[in-house]
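Before any questions on binding or motion, here is one chain by itself as structure tokens, the form predicted on its own.
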Amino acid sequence: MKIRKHLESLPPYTPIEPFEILSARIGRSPDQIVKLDANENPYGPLPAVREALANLEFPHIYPDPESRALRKSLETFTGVPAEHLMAGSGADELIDLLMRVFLEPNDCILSCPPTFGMYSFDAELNAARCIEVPRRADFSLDMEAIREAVETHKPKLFFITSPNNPDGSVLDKQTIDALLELPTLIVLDEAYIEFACENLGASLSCIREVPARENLVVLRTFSKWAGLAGLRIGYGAFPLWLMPTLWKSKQPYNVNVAASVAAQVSLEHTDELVKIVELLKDERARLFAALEEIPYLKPYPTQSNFILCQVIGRDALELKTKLAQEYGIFIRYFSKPGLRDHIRISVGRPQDTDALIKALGFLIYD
């Protein structure tokens, strides 16, 4: 018995681990851990969501395969007609679904690293290639190189993220318009858009443009702003011509009833979520200012719920390890092209910032 040959050399995706695993690893209880490594919302679901989950009526019945109630709520929230919308088990599922629909073996996608690692992972999983056009040193896009890559490789899909992970930079409208002129399907990942400006990112989001565009997909998630990362719930807006194929290609019961209810209740209480997002944006500013005072860190401006820092004059991996082992503080470490000696810190609660800055201060003299 043999597995598909291309999977033999597929590098595994390295996920971030949950509280109980981290707790066991360093011998600390979960309440002694400061988890700033996965861009999760430290405030978690709203009380109304927790109450709804505790009182689910039909967890023993298969969910609506079309997520109709959720899509209706999303129509009201986004201003995009429901017939353009599809929910997924996280935006990750929709990324993979798009690739399964479009890619034949040896086809290619385009991405601009450093960015979200699932694009290249899913491409290789689907026996396709990921053509990478690196971002400039300031994380802006190299449009000339992008145009050349599109002309040369003819990618079927172009995945681009705004705000970008891991640096938090946002694409301006002129750049997005230039991307949409390219002869490929633009998949704009807006996982962090709610942290980018006022009114949950509404003025910067491109999701309302989807019905008028033939080559634009916009993906969103409830993981970050709504605190539902553990329930895996995301959604996308797609051109109408693509919807019939997506509906028949997705798993029939891909969004479970708990995730669907949690998302709907969240959308009924966006005023409360706005307050939480504003808390995190205020804490982002405080954390950024504090990180600027650490002599061995260079934080980059961000419009997301994380801050990328270059580590200067010391080993970034050692810094990450000491924070975890000595202080129970977990951050993300990078060591790849464009991100050598970099760390990424999620924005937490005020007490999380206090603990982190205190530990980083002690490590100045380490």
Ligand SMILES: Cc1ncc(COP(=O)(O)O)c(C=O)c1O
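Just so it is clear, the model here is predicted, and its values are computed rather than measured. The numbering used is simple: start at 1 and walk along the sequence shown.
Only in words, not in the display: the form predicted together with this ligand, which the text now covers.
- Contact annotation: this ligand lies within 4.5 Å of heavy atoms from the stretch 113-121 in the predicted bound form, the single such stretch among 209-217, 134-142, 263-271, 113-121.
- A heavy atom within 4.5 Å of this ligand in the predicted bound form is found for one listed residue only; from S205, T78, S169, S223, this is S223.
- Distance criterion of 4.5 Å from any heavy atom to this ligand in the predicted bound form singles out G90 from the list G90, P155, G227, G201.
- Under a 4.5 angstroms non-hydrogen atom cutoff, this ligand in the predicted bound form lacks S73 among its neighbouring residues.
- Taking the partner from elsewhere, D189 is found to have a heavy atom lying within 4.5 Å of this ligand in the predicted bound form.
- Interface membership of H84, defined by any non-hydrogen atom within 4.5 Å of this ligand in the predicted bound form, is ruled out.
- This ligand is not drawn, but in the predicted bound form it has a heavy atom within 4.5 Å of R232.
- Taking this ligand as it sits in the predicted bound form, the stretch 337-351 never comes within 4.5 angstroms of it through any non-hydrogen atom.
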